[in-house]
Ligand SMILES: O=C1O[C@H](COP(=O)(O)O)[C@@H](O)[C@H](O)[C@H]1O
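Just the one chain here, laid out as structure tokens, in the form predicted alone.
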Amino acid sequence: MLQQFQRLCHGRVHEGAASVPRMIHHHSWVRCAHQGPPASYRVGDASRFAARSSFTADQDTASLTNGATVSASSPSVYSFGSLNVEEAYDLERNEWGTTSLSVVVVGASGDLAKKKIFPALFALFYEGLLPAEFHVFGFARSKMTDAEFRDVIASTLSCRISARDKCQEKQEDFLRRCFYSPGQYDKADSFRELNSRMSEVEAASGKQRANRMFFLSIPPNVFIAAAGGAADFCSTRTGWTRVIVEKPFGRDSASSAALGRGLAAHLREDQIYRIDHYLGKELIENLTVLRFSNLVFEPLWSRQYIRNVQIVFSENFGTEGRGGYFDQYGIIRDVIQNHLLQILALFAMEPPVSLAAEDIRNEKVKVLRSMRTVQLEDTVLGQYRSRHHGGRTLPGYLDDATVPPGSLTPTFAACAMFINNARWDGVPFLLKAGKALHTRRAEIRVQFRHVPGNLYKHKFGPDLDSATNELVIRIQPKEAIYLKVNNKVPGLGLRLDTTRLDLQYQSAFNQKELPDAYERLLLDVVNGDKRLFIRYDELEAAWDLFTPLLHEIESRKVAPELYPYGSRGPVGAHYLAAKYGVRWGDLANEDPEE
């Protein structure tokens, strides 16, 4: 046994910028006697040394920290038939019989917390996916009592359309578990008071161990201070400590690296969960399932059969008074560099060795590192202007009082990207995102190549593009997957038409309401599942693709093309697609609400 342990101590796995010992099968962090603690630990920082890694099995930590005995047969938080989630994704096993869970929402008085985080936590609680000893702590600069905090949360809670009974009873139970601690994000005393409050509540639960999860729902300029306060003064000594960081992760490579260094000064990479809520969407979660569990798709997933891939994000509303925030970032930073690029990486990656988080994230990083830097000549920028429609005036971006006069910040962008590897060489990936467009939708469109030597070519006329197969994965609204195929129209004679093999999620699975993305991602953090979270080297590679373009746009003061509010976007986007022999599939007469 000792020899096996010593052999494992020599094995290392890359975790962001640092390498640390790791047990191969259980992802358990171990401290080898002859090596000492990993470099990311600092002498004298007992609280951070005791803080749990997302790879550490609960039973191992119990023996290392407080000597508690943990059963190896503890039930899974949720399962897939007879296969529980820990076995499916090679995760640690939480022993909730002896452990409590505290979730701290830093920035608890903000819109994101009220609109997304608290409702998501309640939904998980309602479904019985959180432990019996579960508590919520709000932390913000606003002065509030526990009762006032509970009143704020109560106004945000609702049960699903298909919810079971006792909704009101569950809400009251949830609210009793909510506590509030006011403080400043950069004050050590504020976090000491928070830690004292948490320890008091956790001690009353009677559990031997306490796990803590922090969600930083705050502006980027206080990320490091708040993360440092949470890590330095509020890390648990008996369980794991995890910190969720909400985007934006910087403005470019340099600012992202500075943020990364700031977080690394207080937290290990395995404790940091960089959340991109779009990766929690049901259809994004289904991407790997669709591709790797269906023989019909994987052989076609290459340059040999796919002509182009389009990833489209459009909103039918503008900044609506939030222009001041949006103007600091623009549509490329706000949507394309993170949401759409992450979707692209998941879509285009090679089959991972397993479903373990690091195996999947390793493949995503390979895709990003294989991509060409985005060029200005392959980019179209737009900004929506006012428009008279239906007897009223729809305001332009510059009409938003919070937007600086004369701003050149784009509210629309389209770009062509390329992956320089054997699978995707020469295939254009067209990414497009915009506000104040004609429809609200997010989808992936896979356009296949023309049929070689098509026997029915004469039936389609000169426009073969309209008759090529297309796979559409509609992320929102009304989630669906459909494949466009050619069929003979019933009747005498030979007439062909394009029809759809259509999977509508709501009707096929009899679900009126799907879980919100934050529900999925928060539960993943509880389970230590990092598949849908962004690793530091992944973030670094993503910024490397867009930073030169962003700097060029800003240094040259590139003026965006104006397009009317509610239109299909700038004309330049059509020229960009035509440059690579592509037509935007989302501009066809297809109603996403169908």
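Sequential numbering from 1, following the sequence displayed. If you're wondering where the values come from, they're calculated on a predicted model, not measured in any experiment.
The following text describes the form predicted together with the ligand, which does not appear among the structures shown.
Handout entry: Pocket accessibility after superposing the ligand in the predicted bound form (3+ atoms within 2.4 Å of backbone/C-beta)
Key = Answer open: no ligand atom comes within 2.4 Å of backbone or C-beta.
Exercise for the section: Answer yes or no: in the predicted bound form, does the ligand come within 4.5 Å of a heavy atom in every one of Arg176, Lys207 and Trp240? Expected result: Checking in the predicted bound form: none of Arg176, Lys207 and Trp240 is within 4.5 Å of the ligand.
Problem - Partner-facing stretch of 127 to 135, 298 to 306, 315 to 323, 409 to 417, counted where any non-hydrogen atom is within 4.5 angstroms of the ligand in the predicted bound form - result: After filtering at 4.5 Å, what remains is 315 to 323.
Problem - Touches the ligand in the predicted bound form: Gln171 (any heavy atom, 4.5 Å) - result: Contact check for Gln171: no, nothing within 4.5 Å of the ligand in the predicted bound form.
Handout entry: Residue contact check: Gln476 to the ligand in the predicted bound form, 4.5 Å heavy atom
Key = Close contact exists here: in the predicted bound form, Gln476 approaches the ligand to within 4.5 Å, heavy atoms only.
Exercise for the section: Evaluate Lys435 for contact with the ligand in the predicted bound form, applying a 4.5 angstroms cut-off between non-hydrogen atoms, and reply yes or no. Expected result: Residue-level check for Lys435: yes, a contact with the ligand.
Handout entry: Close approach of Asp334 to the ligand in the predicted bound form, 4.5 Å, heavy atom
Key = Heavy-atom contact with the ligand at 4.5 Å: present for Asp334.
Problem - Listed residue (His339, Arg274, Arg520, Arg150) with a non-hydrogen atom within 4.5 angstroms of the ligand in the predicted bound form - result: Only one listed residue qualifies here, and that residue is His339.
Handout entry: The unique member of Arg369, Lys187, Arg500, Arg440 whose heavy atoms fall within 4.5 Å of the ligand in the predicted bound form
Key = Contact check passes for Arg440.
Exercise for the section: Heavy atoms within 4.5 Å of the ligand in the predicted bound form is the criterion; list the residues of 275 to 306 that meet it. Expected result: If the 4.5 Å heavy-atom criterion is applied to the ligand in the predicted bound form, 275 to 306 yields His277, Tyr278, Lys281.
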